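Here's a solo chain for you in structure tokens, the form predicted alone.
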């Protein structure tokens, strides 16, 4: 039987950001290894973004309770924390969910471009970590290709609003629909920061960029616009800015109420925290003249774009309906591949043995003749096994275990 694909997730659909951030993994590579070692998963890939924390696994059988227990241990949570927050899918539902994630249909902003890159990065990281295998490699590679094709074919992401540009739009609405004349600070140089910077640059707004090192901020600005500033200088001078975007991966509160209050010099300051986990202290919102916004509030803007995207979404949904059975077949046929390899190996052993006999009978032959004979026997062998191999792969796709078992007995390793 092919491995079962399972997906366990905590996303913005069921959990607000301040709840979801409790389920994040601070060391994703270590977490993937832990799920393989302690949750009985043969393969594991983690997709972790601002709006979702998802564990994908492949195994002959899976134990949902062990997945929860391992996750709770890694995140330092009580298992009761999962109630009402976690969703678990398997087999077809899990495959369909990943396709929807990769195409942007499951995003806070439908068609968001960033998530496709995050899915691609997730499988790349799992490969490097050694926690992915044939099943998840096949699943994720296919999902990335489908995601790109659906976006291109439907134009679903064109003219769309990313989380970064949504954040800028929210700031504009709060300042009379323009940020002209405002002092703007962007903290962070990651993917979300890039989206914010691109939007600010597109509108022609000057802004400052701070990162852990001035070199990193300078490199970021050379590609995305903005002026680099020393990280140390902004920590005690948040009051110099009227709009502050924070998008970092720091595991602590970088912007605290004490620092904001002590540096106030403006009537109003808007702070937009796009980090996950959050890096702006919640009590900042209690300071007079300071407005704190996080990803949960940004979700409200999505509704403004739904109607104009409905037709594109319907086209994307139809494409996924066609792609899902193809993806399922690709996963199922993996079961036949070891047997296919056995068929090839057995046939090639016979070919080599008989070719050696023929060459011995022929005696000395020139290199061209020897190569021609080798190519001829290989072509004949491949033509002979092509039909049976196609039947084996078809049997795998159809779940025909009896045919696969018979082939395994014929071409598999001999029993002890």
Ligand SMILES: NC(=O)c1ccc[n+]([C@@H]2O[C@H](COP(=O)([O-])OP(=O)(O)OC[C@H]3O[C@@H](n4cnc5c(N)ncnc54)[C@H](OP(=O)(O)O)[C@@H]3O)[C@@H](O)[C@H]2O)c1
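Numbering follows the first chain given and starts at 1. Each form is matched to the other, and the largest set of C-alpha atoms that superpose within 1.5 Å is called the rigid core. A quick note: this is a predicted structure, and the numbers were derived from the prediction, not measured.
If you look for the form predicted in complex with this ligand, you will not find it shown, but the lines that follow are about it.
Visitor: Based on heavy atom distances of 4.5 Å or less, which listed stretch (69-77, 236-244, 338-346, 181-189) is in contact with this ligand in the predicted complex?
Guide: Comparing against this ligand in the predicted complex, the contact stretch is 181-189.
Visitor: Heavy atom within 4.5 Å of this ligand in the predicted complex: which of 122, 193, 132, 294 fits that? Just give me the one.
Guide: It is 193.
Visitor: Give me the residue from 219, 287, 250, 329 that has a heavy atom within 4.5 Å of this ligand in the predicted complex.
Guide: The option sitting close enough to the partner is 250.
Visitor: With the partner absent here, would 231, 254 and 276 each sit within 4.5 Å of this ligand in the predicted complex, counting heavy atoms only?
Guide: Result yes, every residue of the spot touches this ligand.
Visitor: Could you tell me if residue 212 has a non-hydrogen atom within 4.5 Å of this ligand in the predicted complex?
Guide: Taking the distances in the predicted complex, the answer for residue 212 is yes, it comes within 4.5 Å of this ligand.
Visitor: Core superposed first: is there a CA shift of 2 Å or greater at residue 277 between the shown form and the other one?
Guide: Yes; residue 277 is a residue whose C-alpha shifts (by 2 Å or more) between the shown form and the other one when the cores are overlaid.
Visitor: Quick check on residue 191: with the core superposed, does its CA move 2 angstroms or more between the shown form and the other one?
Guide: Yes, residue 191 moves 2 Å or more.
Visitor: Has the Cα of residue 219 moved 2 Å or more between the shown form and the other one, judged after a core fit?
Guide: Yes, the C-alpha moves 2 Å or more.
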